[in-house]
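Next up: the same protein chain in two forms, each one alone, written as structure tokens (structure 1, then structure 2).
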Structure 1
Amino acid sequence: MTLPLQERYQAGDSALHRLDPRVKVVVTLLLVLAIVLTPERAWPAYPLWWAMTGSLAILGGLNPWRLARMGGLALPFALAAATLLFTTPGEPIIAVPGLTITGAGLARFIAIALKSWLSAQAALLLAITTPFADLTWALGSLRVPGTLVAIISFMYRYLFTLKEEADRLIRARAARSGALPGQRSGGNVIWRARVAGGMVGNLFLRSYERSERVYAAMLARGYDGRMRLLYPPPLTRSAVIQGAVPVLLMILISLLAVAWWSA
């Protein structure tokens, strides 16, 4: 599989791997919420959030620097907030013809980029240390609507099915696109666009037909819209206590962030 589409879970026996998935989901959601609600100019809070995320990564047997690099995948999406650089009222700091970057706009943009980067690390940490089946089961146990859980489950699984069908089409095209050495196969841009459009349509039909076969097989095996575990683990007091420790740290960092912002 290519890097953007691969199973993120990495098997392990760390304390974070063994922690109840329901506790991990709740802690991750609270961590992302706390990061998002951090005041923009509470700059000392962001290193503390990263230190907390890195500590959890070490607890899970992961390299925090590698996790930080993986979290960089979210930074391009933060560019959607680039208009804040020019539209936020404030004192101008950089002036270019027709555009003016304000200090408040720059601070807001940097804060959004940092929050996106930190939130992505928290989500990746959850995905790396928790099997996807356990994640969907935890969401169902936390009373997330069953329809939404089923949609998330099938969407994730069918991404890999869709990629497999696309790989087959690409291999078939490559096998039928022979060319002499030093020559380029295929025709002009219009011809290539026509071939690509036909492949997309073929991919849709093949994926639809395969999904029908998979769904019929699931019904034959007793599927009724719910994902089940044979032996669902009980929620122990130890797991709750372990989950409460990072929550207390989140509260402390949030209080410090508010104090810095108010100062």
Structure 2
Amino acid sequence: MTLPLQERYQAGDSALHRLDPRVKVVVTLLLVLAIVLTPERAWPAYPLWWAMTGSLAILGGLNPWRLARMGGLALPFALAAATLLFTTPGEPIIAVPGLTITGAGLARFIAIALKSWLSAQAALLLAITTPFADLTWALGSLRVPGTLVAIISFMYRYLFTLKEEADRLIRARAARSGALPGQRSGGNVIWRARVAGGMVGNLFLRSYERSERVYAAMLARGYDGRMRLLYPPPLTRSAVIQGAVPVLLMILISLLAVAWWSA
């Protein structure tokens, strides 16, 4: 009985995999920004954004349809915006007894869901084509404070180790939770929550004591509070140019969306 925890990164040697991680981070953030900035009713922009994520997926050696399916992971959250269907004022278009969906509400809801789906694809592209160590390094060279980057790197390093510790705790709980068929076992919800709490406390102590051992091992190897990279790769001109192409396309689509299609 193990918990599902799978890294998104897929090893590969595509153009997107080889691109400088700093360029990928900046382009991804700009792409998400441009998608979210799209005016609600600039409908022609949305297929263009999808064409963009789709072609980037192909450049990254991914199936764009698969990426599109994966992009739906944030859609359950869209239910939070579903009330807009009924509360946004406008021309009623569908009237179920008791509820009226307005055209404006429908447009707004669809725009939010599309933006969420497209942004998720952009974020997925970054995670799928960039090893996490490269990603944290890129964050550091993009002026994210070094301490925070080091904490994030350590977290990633021990994420799967501690996930397996949690697996062991859960397996142990399952092993001692035998019950006769048709008979209730264990206590009520509060009791169960306290058991989970004990497991969390247990996991905390295991993590805390592991960090002490890790720190001692690092000290023994000459750790002085700083993290170093041996050879930070230089930012090449071709990487900047490769990053500039999608950014120029984004600016074009955004300008068209704001100036023309939203009018």
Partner chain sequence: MFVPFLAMHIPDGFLSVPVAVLGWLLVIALVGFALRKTRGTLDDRQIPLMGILAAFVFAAQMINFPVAGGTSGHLLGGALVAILLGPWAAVLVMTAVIAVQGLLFQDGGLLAMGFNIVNMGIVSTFVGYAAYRWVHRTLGGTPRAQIAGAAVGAWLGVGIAALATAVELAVSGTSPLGIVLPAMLGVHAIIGIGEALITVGALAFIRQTRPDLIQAPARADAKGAGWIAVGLLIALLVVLISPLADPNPDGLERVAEDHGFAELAQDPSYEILPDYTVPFLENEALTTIAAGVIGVAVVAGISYGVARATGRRPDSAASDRASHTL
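Throughout, residue numbering runs from 1 along the sequence of structure 1. Rigid core here is just the name for the largest C-alpha set that superposes within 1.5 Å across the two forms. These figures come from a predicted structure and were not determined experimentally.
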| property | result |
| --- | --- |
| Pair member that is the form predicted together with its partner chain | 2 |
| Per-residue C-alpha change between structure 1 and structure 2, R69, threshold 2 Å, rigid core fit | no |
| CA of L169, rigid core aligned, shift of 2 Å or more between structure 1 and structure 2 | yes |
| Large Cα shift (2 Å or above) at A107 between structure 1 and structure 2, core-fitted | no |
| Backbone CA shift between structure 1 and structure 2, S153, after core fitting (angstrom) | 4.1 |
